[in-house]
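Two forms of the same protein chain are encoded below as structure tokens; each is given separately, as structure 1 and structure 2.
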Structure 1
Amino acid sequence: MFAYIIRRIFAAVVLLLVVSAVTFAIFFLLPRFAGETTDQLAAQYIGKNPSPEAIAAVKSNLGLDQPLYTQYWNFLKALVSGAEYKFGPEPATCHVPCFGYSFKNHLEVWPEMTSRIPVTISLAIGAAVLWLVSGVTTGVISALKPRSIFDRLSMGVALAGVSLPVFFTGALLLTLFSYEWPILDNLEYVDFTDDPLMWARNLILPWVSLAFLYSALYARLTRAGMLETMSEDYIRTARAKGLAERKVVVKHGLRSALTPIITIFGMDLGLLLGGALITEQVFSLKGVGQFAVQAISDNDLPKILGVTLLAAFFIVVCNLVVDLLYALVDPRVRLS
């Protein structure tokens, strides 16, 4: 088991390295395709009518004049050992993990980015709990009574759920419950540790609008999985052995139907932790996604690079956790 864990973690680290290299290449190469020169890139950092000397200084200070692989190497080096920049009154130390300085406001990227993580985690986890519970329950009931009214109705709603854009549902909820009937007004993120009740109250609407989309997906998935497993031989055997129906459903049916769902759940959660871009935008939540959108609209390369890597990190970690959980539950996985 231990060896397996080490192997998986090592693989995850390699994966992240590859992702970072590709991301780095894309974001520094793409502007070239769009016709941007290194000078223009440096000029972005300085702003108004920069003099050629100022551009040259920035280029050498940020290392923009070096070959791409050297720049990438420096980026990695800064990530693990920090870096020093010669701007401002004193040489500034960019602490580990150093993602560099924003082109726009010249502040360190990492602390700014991490200050957004609690918001996004709250949003993602809350919504995930909501959609898992509602989606799986609906799916199971539907599967047990296929073609019943409940089944048709909930699958109809689910179909609508996956067919509606989240910004539409979000805007609708916000208008209805925050302004039309102001039962949930003044929504503003509050830290869980400060006031758990306010935390939950102010996140309910974004949770619901996200969960609506996902629970629809998960209900359909669960229903399909349950229908499949419930027709398997071992279920018939369990029933024949006189096991209580509830036990059959929960212990045997649900368990194996949920296995593929856990994998997908790991991926979805990972993606969301990297920022629920649209939901955060609609609800003015200052999470990682909002940070990303702002960075992109400012064309702030170090921030874009940082937030992409952070998002990739979450995806990889979530997948890793799922894999390890499997290994824990099912010893066969470790051997393959």
Structure 2
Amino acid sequence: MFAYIIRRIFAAVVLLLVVSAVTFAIFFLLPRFAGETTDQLAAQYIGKNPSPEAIAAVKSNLGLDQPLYTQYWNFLKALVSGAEYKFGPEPATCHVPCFGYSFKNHLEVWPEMTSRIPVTISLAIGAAVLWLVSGVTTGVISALKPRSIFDRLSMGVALAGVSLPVFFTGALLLTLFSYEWPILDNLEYVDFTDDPLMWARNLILPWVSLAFLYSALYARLTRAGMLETMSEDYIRTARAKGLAERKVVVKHGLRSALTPIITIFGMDLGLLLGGALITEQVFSLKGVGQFAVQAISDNDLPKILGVTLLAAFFIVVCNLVVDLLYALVDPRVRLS
């Protein structure tokens, strides 16, 4: 088990390095293949009507005239040891971890992102708990009672949940519960440490909006997995041995059906932690997703690069946790 954990952690570190290299190549190598000069690339980091002095300063700070491998090494070194940029009368310090420096507003990217991470984490974790509990529970009950009224009704609702986009359900919930019936009005993010009740109250609608979509997917997936698992020979053997039905369903049936659910859950949670763009825009939540949208609209490349790396980090970490959970859910992983 210990060797398995070490192997998965090492693989995650290698994957992060590969992702950083690919991301770096997209931002610094592909523009050159498209025919951009170093001056044109440097001008994109400044904004409209850049002066020759500003372009020269950006080229010097980013080392755009240096070989690509040297630029990548400086990029990695800045992540672990910080960097210093000379842009103006006083040098600007980019502290560890240096995810980039915006030459448009002269601010570090990492502090701007970290101020928004609690919003996105609160949104993603709360919605994930809702959709996992409701989706898996609905799927299990539907599989145990196939073709029943509950099964047909729940799968019909699940089909509607899969079909309706988040921006529609989010706008509908806002219209009903914030404007028509002002039960949940004035939805502004409140930090959990300041007021846990207001934190939960103001995130209920975003949670429900996200969970409605994902719980529908998980309900259908759980139902399909449970229907297949409950017809296996070892399930009939467990019942023949006189085990309680709850133990047969939970320990032998659901545990075997959890493997694909854990896989998809890790991917979904990682993607949301990297920024729930649509939900944050609909509910005006100042999270990582809204930060990414603003960076794209402003064409602020260091911010876009920082968000991309942060999202990749969350996805890799969530997949690492999934790999470790496999060993708990499926003993065959520990033995392999």
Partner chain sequence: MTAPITTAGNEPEAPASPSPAKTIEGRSLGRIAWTRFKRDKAAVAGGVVVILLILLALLSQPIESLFGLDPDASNTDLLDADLGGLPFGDWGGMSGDHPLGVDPLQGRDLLARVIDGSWVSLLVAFGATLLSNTLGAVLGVMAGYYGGWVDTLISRLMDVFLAFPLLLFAIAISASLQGGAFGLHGLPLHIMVLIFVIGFFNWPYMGRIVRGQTLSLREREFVHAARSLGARGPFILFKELLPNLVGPILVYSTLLIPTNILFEAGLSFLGVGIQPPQSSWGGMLADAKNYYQVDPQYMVVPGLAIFITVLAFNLLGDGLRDALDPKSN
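Counting starts at 1 with the first residue of structure 1 and goes up one by one along its sequence. In this text, all values refer to a predicted model and were calculated from it rather than measured experimentally. In this text, the rigid core denotes the largest set of C-alpha atoms whose superposition between the two forms falls within 1.5 Å.
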Q. Pick one: which is the form predicted together with its partner chain?
A. 1
Q. Is residue 309 one of the residues whose C-alpha moves 2 Å or more between the two structures after the core fit?
A. no
(Q) Relative to the superposed rigid core, does residue 177 relocate between the two structures - that is, does its Cα move 2 Å or more? (A) no
Q: Classify residue 73 as shifted (yes) or not shifted (no) between the two structures, where shifted means its C-alpha moves by 2 Å or more with the rigid core superposed.
A: yes
Q: Any chance you could measure the C-alpha shift of residue 41 between the two structures with the core superposed, in Å?
A: 4.5
Q: Can you read me the CA shift for residue 28 between the two structures, rigid core superposed, in Å?
A: 3.9
